[in-house]
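Provided below as structure tokens are two forms of one protein chain, presented individually as structure 1 and structure 2.
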Structure 1
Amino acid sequence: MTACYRYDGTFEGFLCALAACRESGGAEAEFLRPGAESGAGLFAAGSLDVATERETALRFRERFVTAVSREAFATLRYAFHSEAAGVEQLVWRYVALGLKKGRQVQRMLAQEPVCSVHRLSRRVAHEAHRFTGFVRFREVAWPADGELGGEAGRDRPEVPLMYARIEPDADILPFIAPYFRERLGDRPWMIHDLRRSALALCDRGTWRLVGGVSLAGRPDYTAGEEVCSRLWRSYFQHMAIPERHNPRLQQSLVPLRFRAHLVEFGGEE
């Protein structure tokens, strides 16, 4: 019989579900996000709702790091955020193998599930790295009444902040937020993942994730931002050398899927 563990869809919640599975000693397990349906059919043994508790997640993390390594934990974390179909079961098999084999699991790259977990991990890490160069912040007048819903609107309403939109294939906000916290210093900023209606919000050097955020209209850019955007577009256009125009090379360096939110390519005009 397959035991089903329902969690809240977060990585922390998933670690709690893994901990619950290990405590029950279940070999066959299924992990379900909100809204997901079990595929176990007649072999399902009922579902268990797992509460997300930070202490439980940290204990499980330390257990895995001690048994295997920090690098292996980082690998499974990247893989989880790929949001690939069935990634929870894949990571669960990786965790079970790691707890059994220890550090040896990092050298088993030709075997499953190690091979697939590493492949997904590399894909997400590559996506996160690319977006550190493709995020374009713009200064908005905050708040623009009703522009953004959710908890974020109740923070420091009188302070302008830097706002950026992205639409990545993977859930990369947890990986790029620390980078931009260091890059922008004390300036308040937010990165809005339109595809997942999620937000990374940083204020006073501390960042956090906010879910369920949606746009009700165009952000209210400041007058200074409009001037800077025009200057940046003009600079980008005039720096180009017509005789050396190579659209194929340019597209390989800046794929079309990134350009919708890049000011220099006319995004968000």
Structure 2
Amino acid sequence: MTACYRYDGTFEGFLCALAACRESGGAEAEFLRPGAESGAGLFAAGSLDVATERETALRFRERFVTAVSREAFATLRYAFHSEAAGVEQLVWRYVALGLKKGRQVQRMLAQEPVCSVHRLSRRVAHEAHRFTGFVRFREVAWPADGELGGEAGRDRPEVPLMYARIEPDADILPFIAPYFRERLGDRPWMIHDLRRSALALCDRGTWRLVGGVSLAGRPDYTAGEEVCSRLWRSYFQHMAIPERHNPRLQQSLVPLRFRAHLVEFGGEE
């Protein structure tokens, strides 16, 4: 019988589902995020709603890290955020194997499920790394109260807000947010994942994720922003060496799907 765990779609929730599954000793398991349909159908042993509790998630992480390693945990975390179909089952098998075999799981690269988890993990880590370069912040005047779901607009500081939008394949916000906190320490900023309607929000050195957001209108760029993005576009064009012109190479390095949000490619004009 396949036990079926419904969780809230977050990584923390997923860890809680894994913990619940371990507790009941279940070998066959299915994990469903909101909106997902069970594939087990008739054979499903009924589904269980798992509550997300930070404590449980942390405890499960500790358990896995002790049994296997910090790196292996990072690997499965990246893989989970690929949002690939069936990734939960895959990670579950990886976790089960890890708890059984310990440290050596990391080196079992030529075997399943290790090899697939590593592949997904690499893909997400790679995309996150790319986006550390591809995020483009723009300086916006603070929106009126309420436009950002009420919350973010409260007690506005004097400095302008830096706003960026992205549309990555994987859910990379949790990986890139800490990086930008280091970089833009002196300004409030937000990165808006349009595909997932999610925001990473940072103010005074701490960041958090907010889900289910959408903008009421086009952000109001400051006058300085217009000047600066014009300078950047012009700089970008002048850096190219005509004798080396090679648009095919450029396109393989900056695929078209990223360009909508890149100022230098005329994004968002």
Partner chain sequence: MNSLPFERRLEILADSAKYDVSCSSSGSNRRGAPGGVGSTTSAGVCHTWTADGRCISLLKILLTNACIFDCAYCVNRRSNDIPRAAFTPDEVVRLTMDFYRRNYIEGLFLSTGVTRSADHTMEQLIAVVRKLREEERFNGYVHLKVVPGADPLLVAEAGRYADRVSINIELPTRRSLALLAPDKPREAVIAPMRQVSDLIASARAERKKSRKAPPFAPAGQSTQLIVGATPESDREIITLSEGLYRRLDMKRVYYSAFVPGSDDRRLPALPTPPLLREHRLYQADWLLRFYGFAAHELLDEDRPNLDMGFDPKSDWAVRHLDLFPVEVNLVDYEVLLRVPGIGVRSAQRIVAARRHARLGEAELKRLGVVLKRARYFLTAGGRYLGGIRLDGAGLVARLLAPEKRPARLDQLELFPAHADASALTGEL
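Fair warning: this is a prediction, and the values are worked out from it, not measured in the lab. Residues are numbered by position in structure 1's sequence, first residue being 1. Each form is matched to the other, and the largest set of C-alpha atoms that superpose within 1.5 Å is called the rigid core.
Here the chain appears twice, and structure 1 is the form predicted alone. Relative to the superposed core, Thr66 undergoes a C-alpha shift smaller than 2 Å between the two structures. Relative to the superposed core, His238 undergoes a Cα shift of 2 Å or more between the two structures.
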